[in-house]
Each structure stands twice: as structure tokens, then as C-alpha cells.
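Listed next as C-alpha cells is one chain, alone, in the form predicted on its own.
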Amino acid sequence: MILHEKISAQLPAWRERTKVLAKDHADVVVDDVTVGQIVGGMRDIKSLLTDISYVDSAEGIRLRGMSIPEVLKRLPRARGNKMPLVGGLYYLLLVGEIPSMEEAMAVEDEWDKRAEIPDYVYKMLKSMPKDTHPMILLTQAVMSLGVNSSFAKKYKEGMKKEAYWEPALEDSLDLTAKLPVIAAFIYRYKYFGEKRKPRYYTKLDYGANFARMMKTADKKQYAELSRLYFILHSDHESGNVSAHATHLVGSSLADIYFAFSAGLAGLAGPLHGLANQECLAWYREVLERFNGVPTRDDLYKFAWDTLNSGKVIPGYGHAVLRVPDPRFIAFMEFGRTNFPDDELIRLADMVFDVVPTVLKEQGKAKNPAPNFDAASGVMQYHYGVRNFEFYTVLFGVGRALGVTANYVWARALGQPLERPKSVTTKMLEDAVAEVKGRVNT
């Protein structure tokens, strides 16, 4: 397998780098922790290690050191397609190099061989109550796939620590191959009552297969969106909830099915995976209020009315970025190119022009620029995927690409069990009093 060969060739050098840091430079101070960071959710504490992605405040997410525009430009794409192959993105995340077309297709071929879903998974999903949230269904399906975990089997048999990454890679390829099929089945079964198993076509790539399995009118264009959607949702550093939860559980040497189930549970939380739904709902509220796209002045007033009512304008503001999210820009360019007359894309464009001005005038948002949630729901809505709660499932399919790549490398480099140290409130109060005492003297 090409991924196995490429990672194997890199491992000796990477392991030596990690060993030197851990053994010879363990006492080097990288950052200071404040009381505000401890009580504020560990915000911005530099304590996680990943080479898969990094959020640059001035340029946005970097995947293996490359910006989103670079990734979209350099990854290989099939003849006639405008968007890159998802298999090429997964190769990049795992290997750290831009693949050739042949190498990208090798990953696509691996997914093709692994996409079949066991019958018991379908039976389990069909046995759940009709009103079960789709994220519960997806999480249960992922957990159930753990029955066949290569990592769990090999660990039970006894394997060397240096070999952990190999079955981890096998499991990760199996999981990422099956997720689009499971997601499409959940969508068709839950919202349309269809019990037929989705079919994965050997001659189609990851994005085109997902589009074929979904109920959308323009499957060719939706295939392009799916490629873009999964690439842009793939990773966002290790500190976001879904990535961190996956890493934390994986650090216990749980297999990827346990670990990613934890990540999905975190993604289901309103503060993580709900933003695209909330943003689209706000857009719909604007359109209903004005019977279509409003004037700039009307939108300006509506935005202020939203803020004055104690609500926030969803999709705007980012904890790290100080520029518009490049993923938002990529989505908007896709929309302007493929459906420029759509009311939602026209409104999203106007919101992009008006809302940052309003937020600057309000003075509360450090960064009033849009994140990708301000456009991602618009894309799905245009193609007829209008069950808002399903959007988080789509997010999860894409996010699996990044967190599984991180999982494989964590096992390859022997990253330890994650176990931060806690302090009590009294300890923090004593620390504050000691600092104030020194200042006063």
C-alpha cells in the first residue's frame, strides 16, 4: 500500500526528532499559562503537538504547511473536474507531500475496496426510533464498526509499540471509506424512508460517490461541492473539540472507532458543530423578513436589531483568525461561479459587506470577519440538502480525514497518554494573592 510505504520511509527521521525533543530539550519553556486561560477553557495554551495542520491568524488554516488556496490549486484533480480529489488531500495529510495523480488515485482505490458496510450496521440504524438525531445514528454506526478493528485485534495479540501505527492506518482507511456510505444511508433513511443500501461505484471518486448516493438534482455539480466540502472541513489544528476529543481518547490506545466516536460526540455540541445551521437560519430569517434579499440599509438595521436584542450574528467572529476565513472565501467563490443568482449566495455576499462594519461599530468582536460556517450551509441548501441537523453529519465525514491522519501519526511517534494536571480554585486565588502582594511591596 502506497501510504504504508511513504509513512514507513519517513518514520525513522520523525521518531528521532521527537526523541531528541523529549529527551534533550524537555525543560525548554514554550509558553506561560495565565489564570484567565485556566478558568477560560485552556484558550490558546500551547500544549498540543501536530504537524497535520496549523491555524495562522493572518492566513487561515494551513494543511501540511500549505494555505487553502495553495492546497486547492496544487492537489490533483480528475479530468473534467474543477475540484481536487479527496484522496489527494488524504495523501497530503498522511504523507506531507502533494501526491501525483497516480498516488491520489491509489488512496481512492483503497477507499473503493473498503467501502462496504456490514449488514449489522444497517440493522442497528433501522432499529432506532425515527426521530433519533442523525449525529446519534452516525456515532452509533462508527462505534459498531469497532467490532472489526485491526488495531484492537493486533493489540490483543501483542505487538510492538513501533508497529501501532500500521493497524491504526488500516482502521483509519476503513473508517474514512465507510463514512460517506453511512452518512448517505442515514440521510435517505431518516428523511425519505428509504431502506435501500447505498452503492459505492468503483469508477467514481470519493466526492462523486457521495453525490451519487445522496438525493440531489445536479449530481455532477454536487460532486464538485462534496470534494470541496470534505477538503475544507478536514482539519483545524488539534485544539478544536472534535480533534482534541479524538486525540485524547486515542492517547489511551483506544482504536479509532472509540476515539472518533468521542470526536463526533464533541462535534454534536452546539458550540462546535451547530454554527453553520444557526447562520443559515439567520439568513432565512432575513429573507423572510424582507420577502427576499434586502437593501444594504435594511440589512444594516436588521443586523443592529439582532445585536440589540441580545443575540449574536452567527458565522462572524473567530477566536484565532484576524482575516476572513479562506475556507469561507473558497465556498463563496464556488457559489458565485455555480449559482450567482441564488438568493442565499447574494445575501451571503451582502452580509459579508455589511456585518463586519456593524460588528466593528459595536466594538465587542475582536475579529468581525466571517468563518466558513457563514457559507457552508448555503452550499448544501442550494443543492436541496435542507435538513439542517444533517449538516453536522457532513462536517463529521470531512473532519474524519484530519483526525484519523493525526491519530495515525500519534501512534507512529508514540505520543503518550494525555494527562494534564489540575489545580483548585483556592490554589489560583492563592497564586493571585501572592502576585498582588509582590506588586504592592
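This structure is a prediction, so every number in the text was calculated from the model and none was measured. Heads up, when I say rigid core I mean the largest set of C-alphas that superpose within 1.5 Å between the two forms. Start at 1 and count along the sequence shown; that's the residue number.
Note that the form predicted in complex with a small molecule isn't included here; everything after this is about it.
Annotated contacts: Thr50, Gly87 and Gly96 are all free of the small molecule in the model of the complex [non-hydrogen atom within 4.5 angstroms]. For the options Met83, Leu248, Leu344, Leu359, the residue carrying a heavy atom within 4.5 angstroms of the small molecule in the model of the complex is Leu359. Comment: the small molecule is not present in this chain, but in the model of the complex one of Leu179, Ala259, Ile313, Ala168 has a heavy atom within 4.5 Å of it, namely Ile313. Of the candidate stretches 218 to 226, 271 to 279, 190 to 198, 152 to 160, only 271 to 279 has residues whose heavy atoms lie within 4.5 Å of the small molecule in the model of the complex.
Contact annotation: Lys130 falls outside 4.5 Å of the small molecule in the model of the complex, judged by heavy atom distances. In the model of the complex, the small molecule sits within 4.5 Å of a heavy atom belonging to Lys366. Of the heavy atoms in Pro324, none are within 4.5 Å of the small molecule in the model of the complex. Put simply, Gly317 is close to the small molecule in the model of the complex: some heavy atom of it is within 4.5 Å. Superposition of the core reveals a Cα shift of 2 Å or more for Gly317 between the shown form and the other one. A displacement of 2 angstroms or greater separates the C-alpha positions of Leu307 between the shown form and the other one, with the rigid core held in common.
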